[in-house]
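Here's a solo chain for you in structure tokens, the form predicted alone.
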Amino acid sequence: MQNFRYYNPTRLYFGRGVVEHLPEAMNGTRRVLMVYGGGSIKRSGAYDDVVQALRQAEIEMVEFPGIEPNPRVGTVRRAIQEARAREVDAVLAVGGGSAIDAAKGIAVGAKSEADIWDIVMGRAEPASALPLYTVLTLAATGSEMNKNSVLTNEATAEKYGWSSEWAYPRASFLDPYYTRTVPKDHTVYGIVDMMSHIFEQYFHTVDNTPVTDRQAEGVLAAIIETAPKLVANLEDLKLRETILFAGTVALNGTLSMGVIGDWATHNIEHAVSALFDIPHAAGLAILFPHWMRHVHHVRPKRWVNLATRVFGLDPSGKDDEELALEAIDWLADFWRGLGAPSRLSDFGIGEAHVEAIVEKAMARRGPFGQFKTLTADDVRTIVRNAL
């Protein structure tokens, strides 16, 4: 186990009706920039509840709708200008991970002289940020309780993650009721996304991590047990509650204590969605099994544990490699059974696009990945296998 420091300042409000506590969390705020995407927050009831809570607290709202999936840095820049012009003293994201990721860029960028893309690229460091609050309406990314964000530069077709201590939300409000209107495809994408986050942390090369590993395995098992039931009954609030909490725990730092995660598959997927603007989790569902097959020979015991402890596979008469490959096939079948895509060609991506994806994946830092370092040839093989 590696030495580590853990810090998470986000205050979490979880359960039915928690948005009524929004004014107490935002005490002292007089004008807030409310950031969201489209009409989904109005269909779920989140918009009306938030507006009512803010009005009762006499907090003035400046609305900024139109945040895209795979949020664009150009949109974030316009929102930063609006935040400055209207002299808001806080940012409130209402929606899923895209709205929250954009809001993090807005909160940090509004208090920085540097351009937000320079911060994303590490060419500038933020020194402060507007207070950020979130009301989550989609179980997926975990952005509601971490310091991470992913933004896309539409001008250069680049998509990168970034993080900052200033990007932690001060408080996040998670009401399972707001997720009941999420359609099947986005529900499935959220499940794939949170499972992928756990896999990225679970596949590490650090020894003596039984507590962290068992936590990851337990959350995965809970998701696997719940996901098919939820897909079959999208309005079941108990199932929604389980998946909503799982998405937060999957990436709030508790599953990475003492380990260094891999994150290679996310890097490849960012290259794919930067070029083709496909849903992030759709790319993960396609790519992750192929990354797994490419690296399954690394740390055989890890694959045995995944197969037996999480997927419930019978190890009798099988060597480690056979069990690893069976586990990977099981996962691919599980995601496909939920309704996730399994081929890049489903999105019109073919052999002619492979080299562009490889170039984009390698552009920022060259070889990448902690579980197994991937070269351009490795990425090329994974992408071709995923076509």
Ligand code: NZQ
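Start at 1 with the first residue shown and count on from there. These numbers were taken from a predicted model, which means no experiment stands behind them.
The following text describes the form predicted in complex with the ligand, which does not appear among the structures shown.
*Asks:* Give me the residue from 83, 251, 244, 230 that has a heavy atom within 4.5 Å of the ligand in the model of the complex.
*Replies:* Flagged contact: 251.
*Asks:* So the ligand isn't shown here. In the model of the complex, which residue out of 132, 223, 174, 150 has a non-hydrogen atom within 4.5 Å of it?
*Replies:* Residue within 4.5 Å of the partner: 150.
*Asks:* Looking at heavy atoms inside 4.5 Å, which stretch does the ligand contact in the model of the complex, given the options 353 to 361, 25 to 33, 319 to 327, 64 to 72?
*Replies:* Stretch 64 to 72 is the one.
*Asks:* Is residue 255 close enough to touch the ligand in the model of the complex, meaning at least one heavy atom pair within 4.5 Å?
*Replies:* Judged by the heavy-atom cut-off of 4.5 Å, residue 255 is well away from the ligand in the model of the complex.
*Asks:* Looking in the model of the complex, any heavy atom of residue 186 within 4.5 Å of the ligand?
*Replies:* Contact with the ligand, yes.
*Asks:* Heavy atoms within 4.5 Å of the ligand in the model of the complex: does residue 336 have any?
*Replies:* Result no; residue 336 lies far from the ligand in the model of the complex.
*Asks:* In the model of the complex, does residue 204 have a heavy atom within 4.5 Å of the ligand?
*Replies:* Although the ligand is absent here, residue 204 would stay clear of it in the model of the complex, with no heavy atoms inside 4.5 Å.
*Asks:* Would you give me the residues of 158 to 180 that have any heavy atom within 4.5 Å of the ligand in the model of the complex, in order from first to last?
*Replies:* Heavy-atom contacts to the ligand in the model of the complex: 159, 178, 179.
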